[in-house]
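One chain is shown next in structure tokens, namely the form predicted alone.
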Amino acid sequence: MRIDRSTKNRPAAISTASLPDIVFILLFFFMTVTTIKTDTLLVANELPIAEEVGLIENEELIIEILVGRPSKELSKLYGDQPAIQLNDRLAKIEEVAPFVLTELSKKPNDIRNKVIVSLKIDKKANVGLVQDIKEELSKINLLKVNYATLEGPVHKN
């Protein structure tokens, strides 16, 4: 009778039965903690601080316009003057109304009259540009304007 001694010295095989569970746990973890970045920030956008802040619950009602100085990479092309960012591109003041009308047409019919234009304005941007944006919005009779801010004590501005 022959005894195979080589199998006696082998360590027991590691069970891989729990490996799929670990993989799925990691997958769910990354799915829950990961955020999807929708727009690239092309302008500096340090929001001012306000004490009385309200929250718009339905984000579907919002059309965002960002204002600020172009980022370091883009400042070589566009200079240091505050610029307007519409979605993922820099735009001129004349392009604001067509952009807002295009975004408004993408919204469902039942919420079009409730849409709010949210202006995310860098605290170092000049007021003249903001006034120009408001005039463009008033030309198309879109008068619901929101100024995005951070909540906190005002003296930190």
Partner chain sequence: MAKDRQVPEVNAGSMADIAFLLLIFFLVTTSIETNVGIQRKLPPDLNTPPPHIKERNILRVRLNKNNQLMVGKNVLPISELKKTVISFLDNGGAPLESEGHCAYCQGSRNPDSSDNPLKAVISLQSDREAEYGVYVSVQNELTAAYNQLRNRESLRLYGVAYTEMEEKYNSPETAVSLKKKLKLKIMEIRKMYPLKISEASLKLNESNQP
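No experiment lies behind these values; they were computed from the predicted model shown. Positions refer to the first chain, counted from 1. If you superpose the two forms and keep the largest set of C-alpha atoms that fall within 1.5 Å, you have the rigid core.
If you look for the form predicted in complex with the partner chain, you will not find it shown, but the lines that follow are about it.
- Comment: the partner chain is not present in this chain, but in the predicted bound form one of 41, 50, 97, 90 has a heavy atom within 4.5 Å of it, namely 50.
- For residue 19, a non-hydrogen atom is located within 4.5 Å of the partner chain in the predicted bound form, even though that partner is not displayed.
- Using a 4.5 angstroms threshold between heavy atoms, residue 62 counts as touching the partner chain in the predicted bound form.
- Although the partner is absent here, residue 107 lies well away from the partner chain in the predicted bound form, with no heavy atom inside 4.5 Å.
- At a distance threshold of 4.5 angstroms between non-hydrogen atoms, residue 139 is in contact with the partner chain in the predicted bound form.
- Residues of 106-142 that come within 4.5 Å of the partner chain in the predicted bound form, judged by any heavy atom, are 119, 120, 121, 122, 123, 124, 125, 126, 127, 128, 129, 130, 131, 132, 134, 137, 138, 139, 142 in sequence order.
- Relative to the superposed rigid core, residue 14 undergoes a CA displacement of at least 2 Å between this form and the one not shown.
- Core-superposed comparison between this form and the one not shown: the Cα of residue 23 travels 2 Å or more.
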